[in-house]
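There is one chain below, alone, in structure tokens, taken in the form predicted on its own.
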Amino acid sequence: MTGKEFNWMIGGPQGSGIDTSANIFGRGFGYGGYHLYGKREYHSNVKGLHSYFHFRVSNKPVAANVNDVNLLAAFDAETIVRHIREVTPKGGIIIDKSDLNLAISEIRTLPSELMKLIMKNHGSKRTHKTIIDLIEEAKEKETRVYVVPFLDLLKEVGDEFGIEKLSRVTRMKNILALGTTFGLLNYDASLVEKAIGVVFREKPGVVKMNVSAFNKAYEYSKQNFDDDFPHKFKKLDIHEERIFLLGNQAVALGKVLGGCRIQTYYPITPAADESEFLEAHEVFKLQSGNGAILVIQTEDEIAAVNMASGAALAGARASTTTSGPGFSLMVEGLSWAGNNEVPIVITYYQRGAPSTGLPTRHGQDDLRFVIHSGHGEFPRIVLASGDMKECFFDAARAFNYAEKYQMPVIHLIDKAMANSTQSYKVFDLSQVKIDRGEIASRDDLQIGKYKRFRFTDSGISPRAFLGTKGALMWYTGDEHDEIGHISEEPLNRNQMMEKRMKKLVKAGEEIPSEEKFNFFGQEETKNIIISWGSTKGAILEAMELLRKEGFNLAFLQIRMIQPLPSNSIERILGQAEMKIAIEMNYSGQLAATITEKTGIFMDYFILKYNGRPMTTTEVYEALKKILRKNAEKRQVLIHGS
């Protein structure tokens, strides 16, 4: 099983270094030439409750997670209870020696519904009073268990660096789990040491302590577990540059490349991570010198969207970023921007809803809300990225759409992508070209002549920036005439409504098809999947597995949902015998939108709304049921913990 594919999970209390250890793990394997996909799951409380990171490692590109775990690295008992059933036969579990005799009933952070499920699944065979009971059952399916004396190893680190209080080194339990992991994998320790150095690069003393802790656990693993684990990895020889990034980092970098120079936000999960990343890199290098982006934390989301509108009217490429509850507050400002043809970009990170819902969990519940948000009718472009590469390029292109068609652009991203990590070949930056649309000419700006909302055949009026010499303009929340003065006259109202709305028709006609949808497979294929957002990776991988078994499928991924490419959808789906909608919401919102616009109905639905992303495994199994003609019209997926 050397160097093929490996699924690793690390888990522990929130705030105990899960993200740090995952970052080091990913970088360590990345330096060795491997492809990675990692999923972060964390509780909405600040600290203490369960958090975990699931990483998939392969010598070929991977685009989603699977259900299986080959090695579970646990530095608390709850991780064992929650995830032990996900460990594959002949897989492995790393466990702290001090957790073995802990009674399950003493794990105070386990919710009552999970305790009932444990008793239902296990109670008939064993009483499961302690963690050992679960471990013994795992051994029955040949699971290997690696018991590590974490506290003893931490004491050794403390003695080496003259630290008497054990509490000062207990945070390095995550590094011990890493050391044990890479020892079992017989992986080049120097690559992981390099990763530790990068992650803690601003703290040389911390680097030394963590490298020491890593090596102690690495050597303990090598000496005590006798080369027992079947998965082994060695460094690969690669000849391409790669990047390793989070989804929200991909969006942030795409914005910078696309010319965004003002970002406003009010903190909300998971959107705030993007703004915080930009804050940490507000000054950056350009080929022509240094560049900068101004990131402003406002008092609320209403201020954030209105401040972005002000910046856009002054000529800056401006964006704001939020999640569901925050976007609800932005809607009045969105309507104002729509009425005044303001080219702002709103990055919308979907999460579990309604209300506060699942603040740190995944969802695709807000599609119809985004399409129809705001009172009255006004145009907006809605983009939905399907992977991190699309997140990057869509984030850059969104400003072109906003300025060319002078309307708000809403960039929809799933929480699953925002908090997932993936390796990619370095993106081709030459694909991004900046298009600022129609800027008012000198002739347009003659005193007394400039009309900000001038009627044109295209609906697009040449715009001047606030403060431009010779450009007098008015912006109001009321309906207005060509100059911007308030007008309630019927003829003017009709002309202004039609002017604004025909810009959306123009956008639908001009934006290239490859930026509106992707089609995978042959158009004559009779079985076609329709989906959007982060389900893309799992669908493509499931399709490849099914293709090897002789099944034929195609996949229509919708990327631009407003304006919807209705004609292309009708052409592609018109000859399909079986249409399968895959979405992460209860009602199949994209499918319903397609039906509304084209009259085409779906034959099957594969849905998931438990707050956890779809995996390749469950999409494959659900599709196979449909293809074998033994599926219900509606399948609901439930994997995740």
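Predicted, not measured: the structure shown is a model, and the values here were computed from it. Residue numbers run from 1 along the displayed sequence.
FYI, the form predicted in complex with a further copy of the same chain isn't displayed, but the following is about it.
- Contact check for residue 58: every heavy atom lies farther than 4.5 Å from a further copy of the same chain in the predicted complex.
- Put simply, residue 595 is close to a further copy of the same chain in the predicted complex: some heavy atom of it is within 4.5 Å.
- a further copy of the same chain is not shown here, but in the predicted complex it comes within 4.5 Å of a heavy atom of residue 492.
- Interface membership of residue 514, defined by any non-hydrogen atom within 4.5 Å of a further copy of the same chain in the predicted complex, is ruled out.
- For the marked spot (82, 354 and 368), a heavy atom within 4.5 Å of a further copy of the same chain in the predicted complex is present in each of the three residues.
- With the partner omitted here, the residue from 527, 461, 212, 360 that has a non-hydrogen atom within 4.5 angstroms of a further copy of the same chain in the predicted complex is 360.
- Comment: a further copy of the same chain is not present in this chain, but in the predicted complex one of 332, 188, 159, 133 has a heavy atom within 4.5 Å of it, namely 332.
- Heavy atoms within 4.5 Å of a further copy of the same chain in the predicted complex are found in one stretch of 515-523, 89-97, 223-231, 484-492, which is 484-492.
- Of the residues in 36-57, those that come within 4.5 Å of a further copy of the same chain in the predicted complex through at least one heavy atom are, in sequence order, 42, 43, 44.
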